[in-house]
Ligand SMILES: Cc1ncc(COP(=O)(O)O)c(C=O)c1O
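There is one chain below, alone, in structure tokens, taken in the form predicted on its own.
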């Protein structure tokens, strides 16, 4: 293919064909028997081809780059990532025959690094998470490639009105449930793109659904939401990969977020362990963050005598973290004892009350 437009047409067709043969992800009930009037659901994004919520984002970012003329035949594609987005982008780059380089922190879970390599991607490592942005841009410049930049383009690359975005899918799947319009949808923030999509979609369709962002305690996002003058934190965002950042990302839109819930890393890990046991399948740490926030919301609703539903996201499979948050030695080395917080989240499922 010598004509650039012809190649772009072919590339978009390849991505659309991949989408057309892909099923939607499931919406899984997470039973809390003690709260019969409050239903909690998890949108299982781990069932995408590349195993995480970021599959949707990667598809949108590639289409955005192609339609903007930024990605052409032979264009090297570079991304700054904590792992999952890079896995999904490597998948689409391989589909289009493009070189893909992920700039990732050295602390990234080995399973994610292996998955990037499996899809033909390369990894460029940096020592600190805050270094990924400049390194990715510099690498793209050196290669005369495209820095796909999920942190800037996540909220604008996704069509939040329709086109099977995650919000549209959630509301469609909730249509026959006892409480079809969720009182809350809970998600984390890495780029901020998911909360932006859900918040915009709910407002556009005039749903009475609140958007709650569950944020690691070390992250800047909840600080910025409370005080817009705070744009950066100097310390680490924590050990829950994929969510929480040291700087406020361009795709994070605080004005459409109704509530922020701050979740300690140990609570996220404990909830990931407990939910994995209750579902009979492993879930990542960011899913634990979401569920901890869901428990707070559900307990508050029960105290007020409210009925309704809460939807959150099962972001990725816990198998990616078997050497980190699901490894006893890894936890012990960091003095992370999950026993007490895991008992707290277990008690919530059994009693409907939550002390977390």
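Predicted model, so just to flag it, every value in this text is computed and none were measured. Positions refer to the first chain, counted from 1.
Heads up, the form predicted together with this ligand isn't pictured, but that's what we're talking about next.
Residues 216, 219 and 239 are none of them found to lie within 4.5 Å of this ligand in the predicted bound form, as judged by heavy atom distances. When contacts are judged by a 4.5 Å heavy atom cut-off, residue 182 does not count as touching this ligand in the predicted bound form. Under a 4.5 angstroms non-hydrogen atom cutoff, this ligand in the predicted bound form has residue 192 among its neighbouring residues. In the predicted bound form, at least one heavy atom of residue 286 sits within 4.5 Å of this ligand. This ligand is not drawn, but in the predicted bound form it has no heavy atom within 4.5 Å of residue 77.
With this ligand left out of view, the stretch that reaches within 4.5 Å of it through heavy atoms in the predicted bound form is, among 172 to 180, 123 to 131, 242 to 250, 258 to 266, 242 to 250. For the options 58, 298, 53, 311, the one in contact with this ligand in the predicted bound form, meaning a heavy atom within 4.5 Å, is 53. Contact annotation for 78 to 112: a single residue, 84, has a non-hydrogen atom within 4.5 angstroms of this ligand in the predicted bound form.
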